[in-house]
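Just one chain follows, in the form predicted alone, and it is written as structure tokens.
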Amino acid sequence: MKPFQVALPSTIDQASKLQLKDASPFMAAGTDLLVRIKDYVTVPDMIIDLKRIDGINGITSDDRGVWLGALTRMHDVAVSEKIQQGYPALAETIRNAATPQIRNMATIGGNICQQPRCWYLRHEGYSCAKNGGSGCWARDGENEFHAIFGNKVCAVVQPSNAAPVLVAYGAVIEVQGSDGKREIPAGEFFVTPEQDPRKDVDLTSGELVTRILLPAENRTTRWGYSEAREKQSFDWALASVTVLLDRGGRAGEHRVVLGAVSPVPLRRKDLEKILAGGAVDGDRISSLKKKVGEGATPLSGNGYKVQMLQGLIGKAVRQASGQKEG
């Protein structure tokens, strides 16, 4: 690991100006950044530690909903009564993430801003569209964990397990820099390779995530979350499905969001339309299974994700509608 300095700003403005000065990376818990530094994928002269900044930690609520400070630990989000009661799909997905040790360190802001886990991107010997070069090594290489949707420019998958659930709940990401605050809908926060292959999230230089809003009007008790992983602990999802039925008690307002199968969380309005068409019975679930793979362009090693999604969406929809498995 190359030696580096650590800056300890006490305000968002100080942190923002430090990054604007020399593009040093921000660090929350460091569970992703420090690994990249050890692997010489990121080689900074300085990192900007955010942990001494007040006001961007903890869980609060107001008339708009529940606010998650960006530095709130994943474990604290998962065990919060406010989250378990109002947004249980988020609590469930975080309980499935990584290991207890990681969840006690990692932050919700860091989780949604982490870099994709593509081994070509994280290897210092490869140049690709995402790190300043051109092309995508995964398209013709080792791609069993890569995207089956939206993979023409770059085949990475969004690694955040929380991201698809936040999109389903219509979360709002608050970001702030030296020029002020702005709020970004979660569905627009994650950047596709077609929009900009060098970016993963909609942050400009000097901006950092400060809070995440879970809107009060989108609470629902009818939810389902299912994922598949290669191993039970300390692994990322190979595919996931989030289903919310009747958000906020509004009949027919459903959300279906796929995770780990595209460069950004993938909302599927076509599947939502099927769900809104009537009772959730065996025929409707069969229709969802047939439809979920439409538009996929699997690579040489990841076609299994289509069949995986078919099983996961059936499981998630049955859970959301109160049906037993089997």
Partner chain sequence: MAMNPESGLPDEQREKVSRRTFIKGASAVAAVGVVQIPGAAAGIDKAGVEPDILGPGPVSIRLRVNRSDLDVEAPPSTTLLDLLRDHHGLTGTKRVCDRGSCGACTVLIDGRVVDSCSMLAIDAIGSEITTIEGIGTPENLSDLQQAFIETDALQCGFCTPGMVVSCTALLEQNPSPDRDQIRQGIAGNICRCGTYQNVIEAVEYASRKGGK
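Numbering follows the first chain given and starts at 1. Keep in mind the model is a prediction, meaning the values are calculated, not measured.
Below: the form predicted in complex with its partner chain, not depicted.
The stretch from 272 to 280, 57 to 65, 287 to 295, 38 to 46 that comes within 4.5 Å of its partner chain in the predicted bound form, counting heavy atoms only, is 38 to 46. This chain is drawn without its partner chain; in the predicted bound form, the residue among Glu92, Asp246, Asp202, Asp76 with a heavy atom within 4.5 Å of it is Asp76. The single contact residue among Val153, Ile102, Val172, Ala228, judged by any heavy atom lying within 4.5 Å of its partner chain in the predicted bound form, is Ile102. Taking the partner from the other structure, its partner chain in the predicted bound form has no heavy atom within 4.5 Å of any heavy atom of Gln310.
Among residues of the shown chain, Leu20 is not one whose heavy atoms approach its partner chain to within 4.5 Å in the predicted bound form. Looking at Gly303, you'd find every heavy atom of it more than 4.5 angstroms from its partner chain in the predicted bound form. In the predicted bound form, Gln14 approaches its partner chain with a heavy atom inside 4.5 Å. Remark: none of the three candidate residues (Gln158, Ala162 and Val191) comes within 4.5 Å of its partner chain in the predicted bound form, counting heavy atoms only.
Residues from 1 to 15 that approach its partner chain in the predicted bound form with a non-hydrogen atom closer than or equal to 4.5 Å are Met1, Pro3, Phe4, Gln5, Val6, Ala7, Leu8, Pro9, Ser10, Gln14, in the order they occur in the chain.
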